[in-house]
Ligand SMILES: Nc1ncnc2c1ncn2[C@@H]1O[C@H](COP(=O)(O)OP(=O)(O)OP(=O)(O)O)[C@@H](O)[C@H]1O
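In the block that follows, a single chain appears as structure tokens, in the form predicted on its own.
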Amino acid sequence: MGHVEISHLEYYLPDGRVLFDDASFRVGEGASVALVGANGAGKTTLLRMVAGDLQPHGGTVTVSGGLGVMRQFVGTTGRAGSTAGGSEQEAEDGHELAHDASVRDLLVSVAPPRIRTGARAVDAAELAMVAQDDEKTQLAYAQALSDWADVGGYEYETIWDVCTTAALGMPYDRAQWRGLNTLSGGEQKRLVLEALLRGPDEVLLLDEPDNYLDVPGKRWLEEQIRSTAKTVLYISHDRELLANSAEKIASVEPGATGSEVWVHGGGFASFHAAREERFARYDELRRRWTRSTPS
């Protein structure tokens, strides 16, 4: 089983402002934790540091058990964006692929590194065969297929068959060359979620996984997050998803010296009351400190 641990994390925006000064929290093995907070507080930046897309300026990020990542925009929907007011620069490269990318390309993009490397080698060898079908390219192609077998590529294609059947209603051998531009955003998200949930990685990072899903798709996602043995850290603004799937809530709270993260040990139903109580305690402590401080 995998886990995520963030310890004394520091991160500064390009203009020098502090986004995180001393953020620490842990997502234990098999837990489902929702990361919530106001736009610009740093949720996606935090997730990207866990994913390794961004390097913190201080502190440590520890992940065990293999890491599968769904960024906010997948497939052909990727685009750059920023939060309101520009307080946090959260550019989303996502799993953005070329406009003519296929279902296979999307599945490869969220597979473990060994599968991605093997698939790209097979693709390159096939292109070489098209350009010049001689003995050298034939041998290179045969080697690429042998390497694909050695890394477990054919076993992965069996998993992808289950994924395409569940998400698109067709087996992998029919779906693999279908253009992503023929799929809806919900179909692309469902396909990536199927692949990550059925893959070997024990920790999943999901940024807005419910975006583009229809109501049945959201109910399916709730059930998957509840029932999976994987460790899941995800961002969502959907109250129903949060209420029906999160065991704990990690709240990113902006402040004068950067955002802090605190973890509510219960679900979303009791989160807002706990948050109000926490702020009330802070307000009382500030009032006591003010009264005790000489003017």
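Residue numbers run from 1 along the displayed sequence. Nothing here was measured: the structure is a model prediction, and the numbers come from that model.
Below: the form predicted in complex with the named molecule, not depicted.
Of the residues Val63, Ala41, Leu242, Met70, just one reaches the named molecule in the model of the complex with a heavy atom at 4.5 Å or closer; this is Ala41. Proximity to the named molecule in the model of the complex, defined as a heavy atom within 4.5 Å, holds among Glu194, Asp105, Glu202, Glu208 only for Glu208.
Taken together, Ala101, Gln176 and Leu180 are entirely out of contact with the named molecule in the model of the complex: none brings a heavy atom within 4.5 Å. Contact annotation: Thr45 falls within 4.5 Å of the named molecule in the model of the complex, judged by heavy atom distances.
Using a 4.5 angstroms threshold between heavy atoms, Leu19 counts as touching the named molecule in the model of the complex. The closest non-hydrogen atom of Ala274 lies beyond 4.5 Å of the named molecule in the model of the complex. By the criterion of a heavy atom within 4.5 Å, His237 is counted among the residues contacting the named molecule in the model of the complex. Proximity to the named molecule in the model of the complex, taken as heavy atoms within 4.5 Å, picks out 33-41 from the listed stretches 33-41, 266-274, 55-63, 223-231.
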